[in-house]
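Given next, in C-alpha cells, is a single chain: the form predicted alone.
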C-alpha cells in the first residue's frame, strides 16, 4: 500500500534524524516552541487534567522526545491528551507538550500504530461535508448516549417538540453549498481517510489469519501430520 500522502507529510511529519527535530520542523509547530528550553519542572503535568485520571505525563513525554526515545510512538500515553493547552499556558519556557503530542500521533499513524483509535472519525467526514458542524454524526450520538445516559438521548429525540414548547423555530441544518466538502478535499482529508480505512482492513486481515494459524497449530497435534504419537501398526515392509 502506498505511504500516507507523502506530499503532506513532508510538512506535517518531515523526515529528520530525531523526534525533537521532527516536532520542531512540523507545520503544526510554532517557531517559538520551547522544546530545547524545557527544564523538566513538571508544571505541565501538574496542570494537566488528563494526568489526574490517566498515566499521561507531559513532562515525561517531552523527556522521551528530547532523548529521541522512539518507543514513545507506541505508548498509550500519547492518546490520552485532549488538546486543552493547559500545559502550554503554564510552561515557563513556552514549551507545548500538546503540540508535540499532535506530531507524535501523526508519526504513529504513518507507521500504522493506533489506527483503531481513528475508526470513530471514519464515519464523520461525509456528514461534515454535507452539513458542516450543524449535525452530529451517528457515531457521535451513540457515544454521547453512552456517556450522558438515557436523559440525553430522550432530549435529543424530542428536540423539535422541546424547541416548539420554548417558542424556538426548527433546528437549523445549514446547507454549506459544498464549501466544507471543498475544504476537506483540498486539505486531503478524504485521501487520508481512504488510506486509514485500507490500513485498518489490512490489520484486521493479518489478525484474522494469525488467529486461524494459531487454531490450526493447536489442532495439529491431533489431526495433522505433525503429531508426535507413535504409529501403533506394523513396521513398514521394505522391498
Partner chain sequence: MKLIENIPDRKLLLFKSCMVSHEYPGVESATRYVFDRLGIDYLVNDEQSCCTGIGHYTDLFEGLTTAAIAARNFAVARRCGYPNITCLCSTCYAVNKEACELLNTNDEVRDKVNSVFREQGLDDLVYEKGDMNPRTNFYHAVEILLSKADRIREEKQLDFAGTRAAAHHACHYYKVKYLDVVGNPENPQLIDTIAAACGAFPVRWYEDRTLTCGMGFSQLHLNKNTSLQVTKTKLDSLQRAGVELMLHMCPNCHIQYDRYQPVIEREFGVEYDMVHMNIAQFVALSMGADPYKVCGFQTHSVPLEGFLEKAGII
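Positions refer to the first chain, counted from 1. Here the structure is a predicted model, which means the values were calculated and not measured. Heads up, when I say rigid core I mean the largest set of C-alphas that superpose within 1.5 Å between the two forms.
There is also a form predicted together with its partner chain; it is not shown, and the following applies to it.
In the predicted complex, its partner chain sits within 4.5 Å of a heavy atom belonging to residue 179.
When contacts are judged by a 4.5 Å heavy atom cut-off, residue 201 does not count as touching its partner chain in the predicted complex. At the 4.5 Å threshold, heavy atoms of residue 9 reach its partner chain in the predicted complex.
When its partner chain is considered in the predicted complex, residue 68 lies well away from it, no heavy atom lying within 4.5 Å.
Residues within 4.5 angstroms of its partner chain in the predicted complex, judged by any non-hydrogen atom, belong to 185-193 and to none of the other stretches in 58-66, 37-45, 201-209, 185-193. Scanning 70-88 for heavy atoms within 4.5 Å of its partner chain in the predicted complex gives 79, 80, 81, 82, 83, 84, 85, 86, 88 in sequence order. With the core held fixed, residue 129 shows a CA shift of 2 Å or greater between the shown form and the other one. Relative to the superposed core, residue 203 undergoes a Cα shift smaller than 2 Å between the shown form and the other one.
A displacement of less than 2 angstroms separates the C-alpha positions of residue 46 between the shown form and the other one, with the rigid core held in common. By 3 Å or more, the C-alpha separation between residue 148 and residue 87 grows in the predicted complex relative to the form shown here.
Between the C-alpha atoms of residue 50 and residue 148, a gap widened by no less than 3 Å is obtained in the predicted complex, as opposed to the form on display.
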